[in-house]
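As structure tokens, one chain now follows by itself in the form predicted on its own.
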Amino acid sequence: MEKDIFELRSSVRKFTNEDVAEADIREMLEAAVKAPSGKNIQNWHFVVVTNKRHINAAADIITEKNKKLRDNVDDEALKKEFKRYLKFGTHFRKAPVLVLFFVSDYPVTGKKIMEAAGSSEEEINALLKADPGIQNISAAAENFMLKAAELGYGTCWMTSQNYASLELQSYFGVDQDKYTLALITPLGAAAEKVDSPPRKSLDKVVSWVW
């Protein structure tokens, strides 16, 4: 049976040297900006990096921040564990394209009136946990990755490097007063076949209310 678009998308971490056509990247971005966003605020910004020097620089920034954090900690087990995850935050180094997804603040409906009404901190935190702004950029990123898969390219949803978000944002010149780094993805032709891991059955994740 032919795979549907959702099954075609998988987390790719190894890429060929094949270039990604600008027209294809634009098609992915067009798909991204068609995502739904609360109040149609479209609170997203995308940085597309095709220059290998800048891709390597981003990986170096993450590597340096990883070391800096480890150097300021005495817990050897914690340091070892954190260093082990470095490879998951920098494997994009060999990808032909890197895309960074930024999000701006979102005016959460109900926050001001809950504060004025004296709602408890617990109630306000419950409202903010859903974070509609992050939902918006997540929908855009999903559209981007699904279109990439449809066009025959691989991507990988990455957030483990976000401890270096401010440094990455500064390097790429994105306004830190307006935007926050949400995630990044490498983009390119997969160097090997990757199958998505099995998903939980519906019985484990769905509650029906009749």
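Values in this document were obtained by computation on a predicted structure and should not be read as measured data. Note that residue numbering begins at 1 and tracks the sequence as displayed.
The form predicted in complex with a small molecule is left out here; the points below concern that form.
Heavy atoms within 4.5 Å of the small molecule in the predicted bound form are found in exactly one of 34 to 42, 170 to 178, 155 to 163, 55 to 63, that being 155 to 163. Proximity of Phe82 to the small molecule in the predicted bound form falls outside the 4.5 Å heavy atom cutoff.
Taking the partner from the other structure, the small molecule in the predicted bound form has a heavy atom within 4.5 Å of a heavy atom of His91. The small molecule is not drawn, but in the predicted bound form it has a heavy atom within 4.5 Å of Arg199. Residue contact check for Asn17: none of its heavy atoms lie within 4.5 Å of the small molecule in the predicted bound form.
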